[in-house]
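First, one chain by itself: the form predicted alone, in structure tokens.
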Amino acid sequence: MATWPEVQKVDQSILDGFNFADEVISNIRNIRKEKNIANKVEIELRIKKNQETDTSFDSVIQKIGNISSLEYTSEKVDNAFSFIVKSNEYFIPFSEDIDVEAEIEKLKAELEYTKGSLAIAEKKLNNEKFVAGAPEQVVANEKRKQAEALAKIKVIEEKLGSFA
């Protein structure tokens, strides 16, 4: 007979890293679906780090996303599908036969959504009753949402500028 397993302390950084990797993989799969790129086709992934993140799950992202090469860059990648996770930019280079206008419209829609999220967070943070009455963790969460939205808006506006 074996003894029951004992509860041990959970390493929150590992869970956060996995959730981050999960979001990146979901975005890769969404791009594959939207652009009709088969899962069996290997793609390249370039990452522009605007925020320090855990890279220990890069091999998981590479395997599950069927990525042929995963590279970090300090520059934006032109002619690429892109998405943003926690203000980091991810690029999947594409061929020349792409609808640039559709990409611009998608970025504009994402910008409007992010500005709406920012407005909601700022409205809560500017409400003295909310800040005084809400638990400290809730206020901190709203401040985090505000910071992430501001960073994401900056990145989206830069992307839109690169198409001009």
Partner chain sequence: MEIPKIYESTKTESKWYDYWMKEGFFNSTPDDREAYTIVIPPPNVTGVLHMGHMLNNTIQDVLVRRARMMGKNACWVPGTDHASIATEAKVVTKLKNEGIDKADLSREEFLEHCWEWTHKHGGIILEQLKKLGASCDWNRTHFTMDEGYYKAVIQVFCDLHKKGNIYRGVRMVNWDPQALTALSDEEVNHKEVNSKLYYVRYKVQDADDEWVTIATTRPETIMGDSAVCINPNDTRYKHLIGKSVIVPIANRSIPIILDEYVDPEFGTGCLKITPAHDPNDYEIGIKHNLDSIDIFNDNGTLNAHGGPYEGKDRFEVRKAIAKDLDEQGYMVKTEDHINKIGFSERTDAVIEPKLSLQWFCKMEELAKPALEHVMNDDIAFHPPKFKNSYKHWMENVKDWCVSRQLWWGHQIPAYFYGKGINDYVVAETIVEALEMAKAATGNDKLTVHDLRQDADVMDTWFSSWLWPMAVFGGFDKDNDSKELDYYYPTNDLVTAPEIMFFWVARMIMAGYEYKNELPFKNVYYTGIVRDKLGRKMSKSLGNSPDPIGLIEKYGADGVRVGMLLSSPAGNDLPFDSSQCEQGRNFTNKIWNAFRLVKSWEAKDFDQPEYAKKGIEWFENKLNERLAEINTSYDQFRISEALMSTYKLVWDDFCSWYLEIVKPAYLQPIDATTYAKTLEIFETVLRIIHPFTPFIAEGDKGRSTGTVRKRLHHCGNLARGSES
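Residue numbers count along the first chain shown, from 1. Since this is a predicted model, take the numbers as computed values, not measurements.
Heads up, the form predicted together with the partner chain isn't pictured, but that's what we're talking about next.
Here the chain stands by itself, but in the predicted bound form one stretch of 101-109, 51-59, 135-143, 117-125, 51-59, has heavy atoms within 4.5 Å of the partner chain. Using a 4.5 angstroms limit between non-hydrogen atoms, E148 is distant from the partner chain in the predicted bound form. Not displayed here, the partner chain is approached by R29 to within 4.5 Å at the level of heavy atoms in the predicted bound form. The shortest heavy atom separation between F20 and the partner chain in the predicted bound form exceeds 4.5 Å.
Put simply, I43 is far from the partner chain in the predicted bound form: not one heavy atom of it is within 4.5 Å. Distance criterion of 4.5 Å from any heavy atom to the partner chain in the predicted bound form singles out I64 from the list V131, I37, L70, I64.
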